[in-house]
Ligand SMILES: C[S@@+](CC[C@H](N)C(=O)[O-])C[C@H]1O[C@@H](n2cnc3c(N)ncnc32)[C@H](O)[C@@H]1O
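Just one chain follows, in the form predicted on its own, and it is written as structure tokens.
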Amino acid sequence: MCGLNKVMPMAYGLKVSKRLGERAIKTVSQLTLIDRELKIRDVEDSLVIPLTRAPSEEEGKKLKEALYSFEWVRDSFPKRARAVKSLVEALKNDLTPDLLTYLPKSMDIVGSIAIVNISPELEAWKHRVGSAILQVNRNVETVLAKAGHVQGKHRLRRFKVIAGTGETEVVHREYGCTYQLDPTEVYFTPRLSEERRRVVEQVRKGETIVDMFASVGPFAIQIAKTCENVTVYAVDVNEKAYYFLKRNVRANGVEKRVIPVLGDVRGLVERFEGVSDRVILDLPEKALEFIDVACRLLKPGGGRMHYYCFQSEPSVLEKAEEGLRVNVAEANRVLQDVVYKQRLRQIAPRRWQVVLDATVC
């Protein structure tokens, strides 16, 4: 005890049986007596609650009314670790003011993983930055730094583990759905959660949808869980994505409404030709090349196309619409109307990801 007194502050304390602990904490909190900068001590069968001061006579009476057995003590208490609320606060003693300006301003949280951009200026400090991210975000267990661009037919990006356990298979939750995935092996972005919800809210009872680049199923599964009597063909060429997609279909209880399909949608077009009321082309880097396939998937009487692409300034939306119109015409269909068009996010200077909702006849 003497050793503890040298390193931990002394304070008044209320010692009670653990059976009375919850009631005691509530009572001293209501009396504004509890010292929240110090930790409650666990001593055998008792709790010792730190107080900011000696109770008044009136406060003592109220404690006696609430607690039939307690003891006043003077004791030493460890200090609570103060919650760190920002990266700047966590790193202000480690980095110079100039380096602090290069800290990530945002990050993607996928399940218990944080994905960040580390600027070249912070490369030597990346592991310390990663540790700070864990400190600020208590639900994060692994921090990944981007180590390349999204590329290849599977839309994958290289990452480096800079802090945490290094575990990359996680469960991500979005609008009541759960998605098991590994962002190092499949494409997934939480930044489009609101966009996915927007599309889901347009689907009507009884529709058939082809999700042409489904990945682990964020569009398909949310549609199936939200909308009545739908059928969603969820197609992806990545075997790992297909593996997680099947798991997610089972985990979300939509086996009767989502049909996972492994393969390149172009090679499967005859299987699904003319079946769809709605198609989703969430492959912005190459969607223009698949408009002809989307047109073949739509029912003969037409349907709705959700088209995602990248475009550079100027006239981002106008160029996206013109490209869609030309390619729909080349597929012997008619772009009747663009009912919605929007810039979704900036992916590089003067370059954007956009979405167009189009009625195609």
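Predicted, not measured: the structure shown is a model, and the values here were computed from it. The first residue of the sequence shown is number 1, and the count goes up from there.
Missing here is the form predicted together with this ligand; even so, the following discussion is about that form.
Comment: 276-284 is the region of 120-128, 133-141, 276-284, 106-114 lying near this ligand in the predicted bound form, near meaning a non-hydrogen atom within 4.5 Å.
Here is the short version: of C177, V265, A224, L91, the single residue with a heavy atom within 4.5 Å of this ligand in the predicted bound form is V265.
Listed residues H149, K153, R204, K256 were compared with this ligand in the predicted bound form; K153 is the one with a heavy atom within 4.5 Å. In the predicted bound form, this ligand lies farther than 4.5 Å from every heavy atom of F244. This ligand in the predicted bound form is approached by S215, whose closest heavy atom lies within 4.5 angstroms of it. This ligand is not drawn, but in the predicted bound form it has a heavy atom within 4.5 Å of V237. Using a 4.5 angstroms limit between non-hydrogen atoms, F219 touches this ligand in the predicted bound form. Contact check for Y187, R196 and F290: all three have a heavy atom within 4.5 Å of this ligand in the predicted bound form.
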